[in-house]
Ligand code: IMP
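Form predicted on its own, single chain, as structure tokens, below.
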Amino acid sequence: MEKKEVLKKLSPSTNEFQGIDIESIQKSFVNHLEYSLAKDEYSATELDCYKALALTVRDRLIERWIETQQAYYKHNAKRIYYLSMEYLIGRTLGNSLINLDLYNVVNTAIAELGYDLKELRELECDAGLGNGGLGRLAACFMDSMATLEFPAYGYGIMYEYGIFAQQIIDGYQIEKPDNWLRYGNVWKISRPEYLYPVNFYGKVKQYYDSDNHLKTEWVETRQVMAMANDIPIPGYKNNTVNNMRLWSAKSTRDFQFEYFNDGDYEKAVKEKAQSETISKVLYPNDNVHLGKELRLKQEYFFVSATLQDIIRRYKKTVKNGFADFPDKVAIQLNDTHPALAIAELMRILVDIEDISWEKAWEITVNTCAYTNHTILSEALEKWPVYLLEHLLPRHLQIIYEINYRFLQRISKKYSNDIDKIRRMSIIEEGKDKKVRMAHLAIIGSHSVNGVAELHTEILKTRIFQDFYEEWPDKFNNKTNGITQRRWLKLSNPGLSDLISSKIGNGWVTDLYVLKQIIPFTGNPDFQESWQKIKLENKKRLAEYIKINNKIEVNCNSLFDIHIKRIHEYKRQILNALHVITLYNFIKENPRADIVPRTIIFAGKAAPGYYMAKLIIKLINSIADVVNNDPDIGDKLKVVFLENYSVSLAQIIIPAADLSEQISTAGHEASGTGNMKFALNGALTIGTLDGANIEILEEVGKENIFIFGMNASEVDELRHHGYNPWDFYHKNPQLKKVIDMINNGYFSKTRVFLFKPVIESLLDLGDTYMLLADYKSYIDCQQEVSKTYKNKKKWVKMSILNVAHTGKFSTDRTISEYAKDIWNAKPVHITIPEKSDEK
């Protein structure tokens, strides 16, 4: 009998799967503790117990994982490849237990052994694989693709260090290394058999072969190896376990012996260390040349390895060349970071597979699709031509050829419109020529989508208007979403159980089912249960604040929460102005009947973003004054929670009464925090920006607090000349608040500390129009307080918000991608029955 046949015969997954009853879980746990970790009941630490439990769960994932991958080959399915520089997956244990439908069984099994599942879950580090909304969306997408049974793979980089661990010291953000892998990671399975060369630098050699065909070779390159690391992604109760494959950089050789033999060990390993820097840290600071080069290296590194892996898998099932490639492969570019995939696929097809340019281009365009996530000019990637020429000379040639052919075609249509041709070119002319990666992504893809209705409209009419006019059918909208498995069932079990007790569990896979709770909106018992759950969630957050911030907050106050990346357009400063306005009102009206508030901020500022870091300091300085003023007491507290993460969000969001979504209209692509808050019963205060508009459409204008200018009004005011000084002089309340900051009320030892903030608002034109929206925001906040006093009205609004969040599931989003862009079909996974399961 051949080796493979013996293995197949003896394989556990060939015979029967591991048990999912209490006794089987306990046996697996004890076995892993002893045989995987070499520990017993006397020597095992809490971390050991977490690892043993994670390995127990992983066993059950792996069984389904193997069955899933084999089924995809058996069905010769079209596969979806999602390329993203970030996956903000948070912790894996809890989510895996939910999706395997094992949470209650494991909770009981572990409790009988004397352990607390919640405590063990807390020992898992958040994965340092992402930063903000882009990465969290990718994680939600992976969950939904598995739940909907789509043959899908996520590709990215296995960062050794996350972006940074944030500490707040004396009110300032301090960046510390996020060494999230310091204790290992049981979910990561390294695959040294999938090791691909990735080339950099070198030069391009062209020659004619014996048939007089022009051949191109990229030669004299420096090589780095990309090694695969896999993380299983389970669907919800369906046996599908998809794969997230993340690449780590490995040197092509360990060290140079000639240096070692001379006694210079440091120099001997230098090349190895430099090679492996590529996957060390998520998004290096790109303010300097070396940072830019490393960022570009990261992008090409993961794109090159991914395409080699995709083509390897394709060739296993398709033997007749690349004609069927777009029918078997769908590549989704998550923003412009993977846009080099277009040039790389062309290089592989033309240079290596010897396919004609025209045919290769047809294959590439029909395979690739591009999601745009931003309208901010600084976030639309542009790479200096000199850098690409240095690092990826062949790819620059290919980009120039793509551009040349594209411009030739459009020049025939717009020969008299040189400005339009210049605007549409992939190459931005100027002193330092740049490659517009968004233009490459648009030209090289068959689909371009925005992530909210307003965002897509802005792409069509403003950012990429020329391309929309050229290819109107190429543009479409796919409003973002969130996965309800993590953001309600796992994060808010009290609310989840209450909802399921009334309408069943159908909402877990079809969020529109939540509309069935509408008849309970006016039910006093249901309202009371709803409010009790919210209060318990607030107590949990209050306890976290007490432990970590040494601040006691009033759980009966309105929890007003603003958590997101710190950026001027997200307008944390506007919220800070409201805090000071409230503070002044309480000081001036000590006997007024006001609604107590706890205003909570969290979020990271990019290390090189000076103003964002100063905003964090401003918020903390305001908090120091407010929280220590005896006249204020429990009426107002301000808290900044450090090191915002997915697991921290799972504590904050269920406790929120009010969700702050106050970006300048026309600037936020979508937002998904707004959806998470609404799903957990928080009411939104927000502008008509991003997905706020669609939340308004779903929940109704009577169940949301909208303020400020819309995108058209913002553009009109800017066009006619916006002068923030006018608003400063006309509004005494606003003037007082700004003067307090400017005159050092919140920075008495450093009077001019926040002068740059005031300059940005007054002298530098208030780019994001905070002062123009200030009065509307303050008036809207007063309406929030008035409504919150009416507890019955507030709880009804809260219930109706949850009931109308059906649209905002990534299950809906992914279904639309699969139907409109990928043309992909689900594959149902069946597993062997366990004969003697208890």
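Keep in mind the model is a prediction, meaning the values are calculated, not measured. Don't overthink the numbering: it's just position in the shown sequence, from 1.
Not pictured, yet referred to below: the form predicted in complex with this ligand.
A.B. asks: Since the chain is shown here on its own, which stretch among 417-425, 676-684, 313-321, 482-490 would lie within 4.5 Å of this ligand in the predicted complex, judged by heavy atoms?
C.D. replies: Looking at the other structure, the answer is 313-321.
A.B. asks: Within 4.5 Å of this ligand in the predicted complex: all of 531, 597 and 794, by heavy atom?
C.D. replies: Answer is no for this spot.
A.B. asks: Residue-level contact is defined here as any heavy atom of the residue lying within 4.5 Å of this ligand in the predicted complex; does residue 69 satisfy this criterion?
C.D. replies: Yes - in the predicted complex, heavy atoms of residue 69 and this ligand come within 4.5 Å of each other.
A.B. asks: Spell out, yes or no, whether the shortest heavy atom distance between residue 436 and this ligand in the predicted complex is within 4.5 Å.
C.D. replies: Residue-level check for residue 436: no, no contact with this ligand.
A.B. asks: Taking 4.5 angstroms as the cut-off for heavy atoms, does residue 161 touch this ligand in the predicted complex?
C.D. replies: Taking the distances in the predicted complex, the answer for residue 161 is no, it never comes within 4.5 Å of this ligand.
A.B. asks: Do residue 635 and this ligand share at least one heavy atom pair within 4.5 Å in the predicted complex?
C.D. replies: Output for residue 635 is no: heavy atoms all beyond 4.5 Å of this ligand.
A.B. asks: Check each of 194, 520, 544, 115 and return the one that places a heavy atom within 4.5 angstroms of this ligand in the predicted complex.
C.D. replies: Partner contact (heavy atom, 4.5 Å) among the options: 194.
A.B. asks: In the predicted complex, which of the listed residues (610, 208, 73, 386) lies with a heavy atom within 4.5 Å of this ligand?
C.D. replies: Among 610, 208, 73, 386, a heavy atom within 4.5 Å of this ligand in the predicted complex occurs only for 73.
A.B. asks: Quick one: name the residues from 226-250 with any non-hydrogen atom within 4.5 angstroms of this ligand in the predicted complex.
C.D. replies: Stretch hits: a single one, 245.
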